[in-house]
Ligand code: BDR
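Taking the form predicted alone, here's one chain by itself in structure tokens.
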């Protein structure tokens, strides 16, 4: 694939476990031009998320990628993090070397604005965490929805139960005011200019169909040419922080060690030994939208503070009379995505060995 055919991406992340897999997927995809990565607080504090991001990119051999940190806290609310889901520093049981490349001196929202202005109509912005950085960027540059090729978002839940409250998804829950600003910006832009690219949103309705299990990790290890590893065997004693993968390949070792924490979390809270890998699916869809079927709808966010606080609301019956600001994913080809994840990350692991 020629460089002119590649898709320029800026990823906005709160790098915990599934963000790390999303970074590996982007770094191993030939059609992706990874322009920069911006980080913020979400799964863990931004000091951890930006360090995790740099370390994962170095593991993938991508020391050329600029990584910038954004706001350490939500716009209005106290910071919440989720170490029980992703581990105390976001990487589960995995331990990566301290990254050698320093983080960027640019402020993450300013980076998003600068790159969009520099390449109008070219960049795809993929948000995998709370929408704080995007909200600040949109307040800095109200034309951002028209400057981007597209905004692709992991966030919300629409026809499925929430994973934070009965009606809310974690990314939106962390900073609902930021999410409301972002969706309102796309609404205003679509209202002014119907040619504005609508946001592409994947909520829990589709991302929870992307389940990774031990068989996928075994397949990835085989693709990488790695020696066998039984660290993910559910029959072994869970919760042992000293147990580490003995796979011969460093990328496979990382994947196994970080996913073991995630698998144990899902076994305790969701009733299956495996994990939803929301964020890599979203990156895969940003690169190939044919992996999902969408419906065009108007989306807004409840910030009332009541029982529905943080809920993403889609007007499926067009009762608001608003123009759609979102292409909402309603079906996803999770099987094809998982095959690509194994092939791409496994192939990159083999090359890195």
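What you see is a predicted model; the values in this text were computed from it and never measured. Residue numbers count along the first chain shown, from 1.
Just so it is clear, the following notes concern the form predicted together with the ligand, a form of the same protein that is not shown.
In plain terms, the part of the chain that comes close to the ligand in the predicted complex, with a heavy atom within 4.5 Å, is 168 to 176 out of 100 to 108, 168 to 176, 70 to 78, 181 to 189. Among 38, 52, 312, 43, the residue placing a heavy atom within 4.5 Å of the ligand in the predicted complex is 43.
Shown without its partner, this chain lists 196, 248, 163, 231 as candidates; in the predicted complex, only 163 has a non-hydrogen atom within 4.5 angstroms of the ligand. Residue 154 belongs to the set of residues with a heavy atom inside 4.5 Å of the ligand in the predicted complex. Contact check for residue 281: no non-hydrogen atom falls within 4.5 Å of the ligand in the predicted complex.
Although the partner is absent here, residue 260 lies well away from the ligand in the predicted complex, with no heavy atom inside 4.5 Å. Put simply, residue 204 is close to the ligand in the predicted complex: some heavy atom of it is within 4.5 Å.
Contacts between stretch 68 to 95 and the ligand, counted in the predicted complex as any heavy atom lying within 4.5 Å, involve 86 alone.
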